[in-house]
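We begin with a single chain expressed as structure tokens, specifically the form predicted on its own.
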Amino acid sequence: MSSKYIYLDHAAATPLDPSVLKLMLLFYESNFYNPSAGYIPAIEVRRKIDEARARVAFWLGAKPPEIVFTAGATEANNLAINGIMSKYPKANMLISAIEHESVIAPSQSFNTRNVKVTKDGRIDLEDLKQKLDEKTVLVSVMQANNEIGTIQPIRQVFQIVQTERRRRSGQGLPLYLHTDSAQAANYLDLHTSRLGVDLMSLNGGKIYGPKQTGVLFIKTGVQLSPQIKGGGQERGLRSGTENVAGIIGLAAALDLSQSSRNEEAERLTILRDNFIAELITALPDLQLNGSLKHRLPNNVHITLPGADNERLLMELDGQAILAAAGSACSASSDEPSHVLKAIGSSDEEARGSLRLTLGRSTTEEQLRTVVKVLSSLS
């Protein structure tokens, strides 16, 4: 990444790791073959896809056939929701009130209810219990929030779902648990059995891999209706010639992220906490949004009372500091963040909020510069 900028928008996009790019280039140049072809070079490309699928499955504690490659987490979320709910049109689904737009939008085509969250953005487990009924077939709760960084108690959500399954005693509708782990994959355990999830979405562009690559984990026995039909690739759930270079790159990026996640999480947690402390010292009126205890190591989401985040972002940009007001996927909307509204922020507070997300290139010196600049602008 260019040293010209202080980049604090890693929740929106991460730079492609150089080693991942080097590996991907082979599949744009010499190994460009269609993996469905029958000749030896194409069969070798198919074998490389199988190896990539096995590596992804390893980190998810899954079987290779349970991994379906997609063009990002948005497609994975859509496949999970539409794939389940279209089979049960008279059923309902539950989502947390702070889900990503790629969960909210497809869920609006079905009978969907929002589950409340607490002031720090954690799902209200009692509200989940109350809203879960015999007609619920899908619960979708993100593993970690893309705006405020709050980490959800997915295992506890699973236990509630499992209690309802036992109550049904195998009778009536199935009940599945989906989690969007796009923001979690750099720092959290993705083992699907430990989490208790039936479906999990991942995004290569958030883990120093290629954009427009993703994964949907589908537990054995879960039946989905295909959303893209054609040649039958990806178990018939996602037809179309495979994005070979992207698949190889995603698997390599996930390998790097998951194998180093503990060390990187520890490094960033120290940077994050020192950054928060310096911000609070320099800006005493500042409000920290989200959970401090249950928070992604790289996330700092703040509200500066009375500030206008559009103006702040423009002025930060002028100082070569790249940040965000919230989700990049909804940056063009004039509406206050639904995540901040869900945790009780007013419209004015939402419009004075900034999301600063750290990454592999972030240094202590950079963060000190950001504190000085924000202090001068406020």
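The shown structure was predicted, so the numbers you read here are calculated from the model rather than taken from an experiment. A residue's number is simply how far along the shown sequence it sits, counting from 1.
Beyond the structure shown, there is the form predicted in complex with pyridoxal-5'-phosphate, which is absent from this document and is the topic of what follows.
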item	value
Residue (of K206, R295, R238, R272) lying close to pyridoxal-5'-phosphate in the predicted bound form, criterion heavy atoms within 4.5 Å	K206
The unique member of V139, A307, M142, V115 whose heavy atoms fall within 4.5 Å of pyridoxal-5'-phosphate in the predicted bound form	M142
Partner-proximal stretch of 262-270, 68-76, 244-252, 117-125 relative to pyridoxal-5'-phosphate in the predicted bound form, 4.5 angstroms, heavy atom	68-76
pyridoxal-5'-phosphate contact in the predicted bound form: S102, any heavy atom under 4.5 Å	yes
Contact label in the predicted bound form: S257 to pyridoxal-5'-phosphate, heavy atom within 4.5 Å	no
Touches pyridoxal-5'-phosphate in the predicted bound form: A182 (any heavy atom, 4.5 Å)	yes
